[in-house]
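Below you'll find only one chain, the form predicted on its own, shown as structure tokens.
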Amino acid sequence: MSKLKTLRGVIAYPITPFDAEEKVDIGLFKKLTGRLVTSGSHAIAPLGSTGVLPYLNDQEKEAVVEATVEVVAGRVPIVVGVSNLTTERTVYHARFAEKAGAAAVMIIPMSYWKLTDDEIFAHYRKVAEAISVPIMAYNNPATGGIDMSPALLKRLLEIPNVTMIKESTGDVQRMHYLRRALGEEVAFFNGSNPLALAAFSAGAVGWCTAAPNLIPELNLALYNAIQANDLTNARAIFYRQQELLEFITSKGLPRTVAAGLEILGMEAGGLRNPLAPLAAVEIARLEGLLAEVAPFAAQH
């Protein structure tokens, strides 16, 4: 539990690359994940939306977790996504992540039928009772299909090792409400790239993002400016990357990050069906956005 206090800053999401046969390319995954660590990310979060968690089978998820632990080698904390439709499988993956060496796990309630607040609470409680590492409750209705209200998030924090909230609705007013309602003791994290600056202003202690795959210098510069209470500089740094952040989010994280890595001259692997690569016109736009931010990234 001691690592909880150190979990803050820029939490980077690696992509899960696939080979020509659509098998997970663990060697390439290690290379890409190692780069996130050496470029300065404060923590690594495999098996999130960027890592196409729902498209992987159990063995692939376990291989990704073990590869992350191996390549990170204790340099920064690891927050593993363990979400699953059933509580039983979520418990299974949470236990595996803890045993492998994760500092924390992240859970988004996934549902075919709309879950009640009581069902969601029981889901988190049963997972929490099965592990000892902290849990980050992840709210992202766009991907999970469930919008956890601030009242429910506050209730989840009654569970002893649910200690962090990741808010990805894109509603900055909700972030202000969470800070006001939950107080300074609760660590809440922003998961919406376009709201990076606003979320820090609202009191977020960290930013969970795939952007460090492409522009780590600018992401870290924004966080450092916030830490230095230099809002003028933070605003300028954010505006330089804002359009790219919006593009990454709007076009789909796995395909956009993969395309961006290729543009930057790095192997990124393929996608797993039904995901398809960016269209040529989108790749051209991404090339332009990366070219625009390159001079500013070099300054940092």
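Numbering starts at 1 and runs along the sequence shown. None of the values given here were measured: they were computed from a predicted structure.
Separately, the form predicted in complex with another copy of the chain exists; it is not shown, and the next lines address it.
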Fill in: Partner proximity in the predicted complex: Leu28 to another copy of the chain, non-hydrogen atom cutoff 4.5 Å
no
Worksheet item: Is Pro54 close to another copy of the chain in the predicted complex, meaning a heavy atom pair under 4.5 Å apart or at it?
Response: yes
Worksheet item: Can any non-hydrogen atom of Leu275 be found within 4.5 angstroms of another copy of the chain in the predicted complex?
Response: yes
Discussion item. I'd like to know if Glu119 sits close to another copy of the chain in the predicted complex, meaning any non-hydrogen atom pair within 4.5 angstroms.
Written reply: yes
Item to complete: Please state whether every one of the three residues Arg8, Gly34 and Val64 places a non-hydrogen atom within 4.5 angstroms of another copy of the chain in the predicted complex.
Response: no
Worksheet item: Among Ala202, Val162, Ala103, Ile131, which has at least one heavy atom within 4.5 Å of another copy of the chain in the predicted complex?
Response: Ala202
Practice prompt. Name the stretch, out of 165 to 173, 213 to 221, 67 to 75, 95 to 103, where some heavy atom lies within 4.5 Å of another copy of the chain in the predicted complex.
Written response: 165 to 173
Fill in: Any residue of 229 to 256 that, in the predicted complex, places a heavy atom within 4.5 Å of another copy of the chain
Asn229, Asp230, Leu231, Thr232, Arg235, Phe238, Tyr239, Gln242, Glu243, Glu246, Gly252, Leu253, Pro254, Arg255
